[in-house]
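In the form predicted on its own, a lone chain appears below as structure tokens.
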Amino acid sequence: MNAPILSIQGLTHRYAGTPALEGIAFALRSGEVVGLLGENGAGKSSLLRLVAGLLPVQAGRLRFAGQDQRRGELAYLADPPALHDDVRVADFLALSARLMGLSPSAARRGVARELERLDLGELRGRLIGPLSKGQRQRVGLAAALLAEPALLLLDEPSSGLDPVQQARFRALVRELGRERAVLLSSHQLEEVQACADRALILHEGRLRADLDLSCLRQPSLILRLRDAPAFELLRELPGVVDAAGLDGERILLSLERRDESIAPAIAREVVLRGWGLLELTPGGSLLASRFFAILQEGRA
């Protein structure tokens, strides 16, 4: 496995003595898209700003490709992106490239590459001010990508976009994640489900879960029983590959395949074993189920 682009250990930050983040630890590798999920105030934006160097590290450690200093490995797209409304798109990108220290030839290549990749060719001569929200997001992302960063930080990248723009932006994030590491914060569970390989769930400044989303894309059922047995017995049910608690009453069953015959077979087996079947329904988004269960556990 390749070495982490970003490694965080024991990261803690406080505002006027009030903890915003406590003991955060995780690693991020090239080729990974990792989503940050959490309620308002959970610490998502604070974490991105710490990684970007906009906030000082008060305790813990941030390492980039094994080094403590950043050396230009990362780019940060804030929400909203920092743009100059009275500058034309191509001129803004050229100025951004110069500020990044790119050579004239590298700047020209970078601007041409990102104008094409972000589908900004028709907008290159337009002022940024009148552009739509989606167009402005693409200009901001183009600027962030000029130096081809190894780590891309995205804060609410599709906030305010219409459904078509959101779908395009999510596809772009997946594409970008093939070549670099991407860390994005979002309030939208479906965005993280669509874009990311992993989801980090923050609650009250603490990392509550680091979820492999490939497992959460499996078909599922939600089960509620009068006399629930051990999870080991539930995993023996026909077509079930895993069982996990959701909220103290309901159980999430991950299935080996999508098959309409599995639910009736599970229902028959549960009744035969005398566990008292109270509910058996489609699981829907497993990420949503795990997210709300984790938040409930954090409030307990």
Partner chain sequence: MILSIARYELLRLLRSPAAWGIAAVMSLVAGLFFRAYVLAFLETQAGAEGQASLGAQIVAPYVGVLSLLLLLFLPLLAMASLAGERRAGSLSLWLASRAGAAAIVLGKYLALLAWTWGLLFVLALPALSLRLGGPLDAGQCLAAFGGLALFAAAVLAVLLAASAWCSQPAVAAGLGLGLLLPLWLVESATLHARGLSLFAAETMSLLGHLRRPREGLIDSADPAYYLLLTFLGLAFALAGLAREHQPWRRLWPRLALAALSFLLLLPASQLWRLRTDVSANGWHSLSAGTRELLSSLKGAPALRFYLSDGELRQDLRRQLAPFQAARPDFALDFVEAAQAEADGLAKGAALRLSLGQGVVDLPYPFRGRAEDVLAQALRRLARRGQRWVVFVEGHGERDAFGGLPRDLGQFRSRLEQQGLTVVAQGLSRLQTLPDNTGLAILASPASRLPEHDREVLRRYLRAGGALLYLLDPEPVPAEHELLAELGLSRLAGTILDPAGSRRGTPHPAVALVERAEAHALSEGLNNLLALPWAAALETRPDAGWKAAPLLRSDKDSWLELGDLDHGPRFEPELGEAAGPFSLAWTLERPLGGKTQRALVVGDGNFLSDGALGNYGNAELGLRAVDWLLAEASTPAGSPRQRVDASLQPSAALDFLRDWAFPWLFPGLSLSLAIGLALWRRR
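Since the model is a prediction, treat every value here as computed from it, not as a measurement. Positions refer to the first chain, counted from 1.
One more form of this protein, predicted together with the partner chain, exists but is not displayed; see below.
The partner chain in the model of the complex is not approached by S220, whose heavy atoms all lie more than 4.5 angstroms from it.
The partner chain in the model of the complex is not approached by L62, whose heavy atoms all lie more than 4.5 angstroms from it. In the model of the complex, the partner chain lies farther than 4.5 Å from every heavy atom of L189. Among heavy atoms of G248, none comes within 4.5 Å of the partner chain in the model of the complex. Heavy atoms within 4.5 Å of the partner chain in the model of the complex belong, among the stretches 114-122, 190-198, 204-212, 85-93, to residues of 85-93. Scanning L131, L225, A150, M100 against the partner chain in the model of the complex with a 4.5 Å heavy atom cut-off leaves one residue, M100. Of the residues given (L237, A27, I262, A52), A52 alone sits with a heavy atom within 4.5 Å of the partner chain in the model of the complex.
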